[in-house]
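Okay, so here's just one chain, in structure tokens, the form predicted alone.
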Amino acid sequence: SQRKRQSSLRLATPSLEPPLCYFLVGQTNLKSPQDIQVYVVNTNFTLRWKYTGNDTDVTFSAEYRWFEDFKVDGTEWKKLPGCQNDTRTECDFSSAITEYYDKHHLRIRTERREEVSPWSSIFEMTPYDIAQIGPPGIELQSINGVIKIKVSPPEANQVQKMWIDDLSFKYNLVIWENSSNAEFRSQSIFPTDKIYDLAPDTTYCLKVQATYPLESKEGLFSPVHCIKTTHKVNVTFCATNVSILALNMKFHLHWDNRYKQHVSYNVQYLSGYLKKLYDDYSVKWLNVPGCENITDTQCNFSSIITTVSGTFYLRVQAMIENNKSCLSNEVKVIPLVTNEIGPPGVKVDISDDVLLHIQIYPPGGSESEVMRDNYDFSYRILYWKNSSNNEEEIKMKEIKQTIGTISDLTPSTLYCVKVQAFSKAYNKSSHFSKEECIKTPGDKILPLVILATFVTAVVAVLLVAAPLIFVLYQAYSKIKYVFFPSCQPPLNIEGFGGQLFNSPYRPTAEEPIENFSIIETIITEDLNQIDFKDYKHSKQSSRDSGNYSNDDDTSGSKASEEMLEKEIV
């Protein structure tokens, strides 16, 4: 009867067939799985879910599709291998997933014979994003007081791998004494490494974790392994306290010698990248040039630092008679980290405008190009007044350039400067340079003020004195003109000045004076023979008569003209 009802419903409402079928199937009361999770470790995939129904005879089946199929050709859901008719609430479907960088969709439902529940919600995943790194493999060996460890990558000997580049793995070791009050110690190790600083005859337990820094992923720890240490053979001629002194990219290795007899040394080095390999690097150590079969306890190994971005390891091989040898502990060199920065060079100068100029020479001198290019130096300048006052403030200035300028200085003052180089990128700083002192010139403002005052005073004096001098000069000219005229009388008049002024013939104020004029005539040589007495006589006669006569005066006039002409000539 139920089949007849379904047939009639299909005929009546064919468009409602999918919902109707879904409704009828849902009448079974089977619940869908919930809280679906996928766990991925390396290439191992596990699907887990929860079922909240009370039914005990149910099974579960899952389907999947991956993004490229769904996007390109609309492929329908496929049965998920390993997850069909499973009675548990988890299943392994590792064989179904081969594309680790594509998106995948998963769904699961509950089944009981012919009855099925609705599909669960879709779980979306990209395998590589949710994958965890599996535990690495470990091999241990106890020898001469140390533990030698060999680590294999998490997917060693697997054809299908989630992690393609095994060399990108780094390994963290956790080790502790197998006792009730154990203290855990963590350290980074290489695939082949040694663990030092262990107590003899002591059982240690350890585990190792692989990390993938490129993706910021941390893997699962390996199972715990335990091993007992042995006694360390005490070899007295071994080099001890091996250390590195590095300044301005000049590298020196130093060590101590406790042996009283003759010992020779070979300094050996290993490029750091060889330790990242899973091969045995024990035969790949090389001797440092110039540090072979030496008796000194130091070695300059700057020649092997061929790159500042690499890592190097060094050790000292001590040798005595009978070909006995002993290897020291290894020391690690990261050139730009191990190196110490020396103080910079400094030169100071004062300019005319009272500015302190500081010329900085980067650490390392002329061969400091490598340091300048990698450390990206900045400079810290300290300057202060060098006076007896101990409370003088020390001022600081930071610059990037190698030339600095300091203003606002006090004239006629001794200033001292020292400079420190530092690198923010490497968190390193040098010692301060030697103090350089220089005295600022005297204050030039006062001489300028004095000069300006003098010039102003001179201009003011000139402005006031010029009119006064002009007035006095004009007054002087007038007085001189009136009382001391510049024109002089003819010589004939000057010669007789005394007689003329004392002459009784000088007219008086009451006496009328007739106007007369001198008639110029040609003077001949005969006039020179005129007797001057006749002139006096004529003049005397004229005084007697009291009046001038034209006739009598002719000869006198001529004589006067002759004298005047000579004077002029």
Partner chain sequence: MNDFGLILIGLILCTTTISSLQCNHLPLQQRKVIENSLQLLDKMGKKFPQQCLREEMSFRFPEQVLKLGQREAVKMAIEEIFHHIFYIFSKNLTLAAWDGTALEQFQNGLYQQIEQLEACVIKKQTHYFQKKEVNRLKLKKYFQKIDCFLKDKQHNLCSWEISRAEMRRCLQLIDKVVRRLNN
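In this text, all values refer to a predicted model and were calculated from it rather than measured experimentally. Numbering follows the first chain given and starts at 1.
Here the subject shifts to the form predicted together with the partner chain, a form of this protein not shown in this document.
**Q.** Which of 239-247, 257-265, 380-388, 307-315 sits within 4.5 Å of the partner chain in the predicted complex, heavy atom basis
**A.** Among the candidates, contact is made by 307-315.
Q) Heavy atom within 4.5 Å of the partner chain in the predicted complex: which of E398, E292, D92, E99? A) By the 4.5 Å criterion, the partner-contacting residue is E99.
Q. Between the options D296, E139, D129, E340, which residue brings a heavy atom to within 4.5 Å of the partner chain in the predicted complex?
A. Looking at the other structure, the residue within range turns out to be D129.
Q. Going by a heavy atom distance of 4.5 Å, is V233 a contact of the partner chain in the predicted complex?
A. It does not: once the partner chain is placed as it appears in the predicted complex, V233 has no heavy atom within 4.5 Å of it.
(Q) Within 4.5 Å, heavy atoms only: does W119 come near the partner chain in the predicted complex? (A) Close contact is absent here: in the predicted complex, W119 is far from the partner chain, nothing within 4.5 Å, heavy atoms only.
Q. Wondering, does P135 line up within 4.5 Å of the partner chain in the predicted complex on heavy atoms?
A. Contact check for P135: no, nothing within 4.5 Å of the partner chain in the predicted complex.
Q | N322 within 4.5 Å of the partner chain in the predicted complex, heavy atoms | A | Close contact is absent here: in the predicted complex, N322 is far from the partner chain, nothing within 4.5 Å, heavy atoms only.
Q. For the stretch 178-217, which residues lie within 4.5 Å of the partner chain in the predicted complex by non-hydrogen atom distance?
A. In sequence order, F190, Y212, P213, L214, E215, S216 come within 4.5 Å of the partner.
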